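One chain is shown next in structure tokens, namely the form predicted alone.
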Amino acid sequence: MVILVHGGAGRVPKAHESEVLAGVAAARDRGWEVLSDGGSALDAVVAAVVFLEDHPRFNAGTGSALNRQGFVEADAAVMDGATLGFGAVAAVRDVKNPVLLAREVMASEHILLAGEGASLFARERGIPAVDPAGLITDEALARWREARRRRVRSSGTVGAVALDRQGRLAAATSTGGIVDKRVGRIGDTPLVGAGTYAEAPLGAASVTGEGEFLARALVAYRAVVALREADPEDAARQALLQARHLGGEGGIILLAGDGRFAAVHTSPQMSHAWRTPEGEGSALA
């Protein structure tokens, strides 16, 4: 069993480092509890990401980045490596945990729902609407005001990949996107093979960073496929270099079907945490 979690690529203020590290470690532990109890890899990654969506320090769910009009539009995706089942939502404004809605989409006849249609589907599946204002934190509002003043846009994402007792692989990713983004902007997170990908027996990946570049490079798919010939560290770097050639930075957590894994980034920092039967750890470098 393996669980690997990330809290997003980008610079973390010094004052927040300990809280961010504690957050990704707690999300890791939430996913590990699921695996230890016999749960599936898909259950584990969803549980880990839900924890991070509920944590106001991360750019997903509560605390998401605000768009140009000052409200949240969230994206999320899940993928089951055993079946290649995929579900995603984009530009969702009134859902507390977009990753839970993405999982419901995966169980439907579609793979991606956006905006108002995603919200209507959430109600059909018993996911209640929340006041969009309740997703806005003071910190997110301050980042938005600073971005508008200085014209500097930051991004971030959370994600998890897991391998369960039965050898099943899964990935999940969730994000509020770029601060001060255009209304309706959709990045790499909910695009299959761009920000999220899992395929048994190869591996699973969750990506974070500058989504327009990561999507064009199909970073998640590229990294997983590279596992046929490369170890996780090299496969992750190869994929991220494709995005860098296009002008974008980011990070990736990559888990191979045999349990080997890597967390690699070309951005200044990426928080992440992992656990296997042999041990656990967390890092922000």
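Residue indices: 1-based, along the sequence shown. Because the structure is predicted, anything quoted here is derived from the model rather than measured.
The same protein has a further form, the form predicted together with a small molecule, not shown here; the description that follows concerns it.
- Among residues of the shown chain, Glu210 is one whose heavy atoms approach the small molecule to within 4.5 Å in the model of the complex.
- With a 4.5 Å cutoff on heavy atoms, Ile178 counts as touching the small molecule in the model of the complex.
- Using a 4.5 angstroms threshold between heavy atoms, Gly187 counts as touching the small molecule in the model of the complex.
- The shortest heavy atom separation between Ser206 and the small molecule in the model of the complex exceeds 4.5 Å.
- Only one of 136-144, 102-110, 169-177, 122-130 lies within 4.5 Å of the small molecule in the model of the complex by heavy atoms, and it is 169-177.
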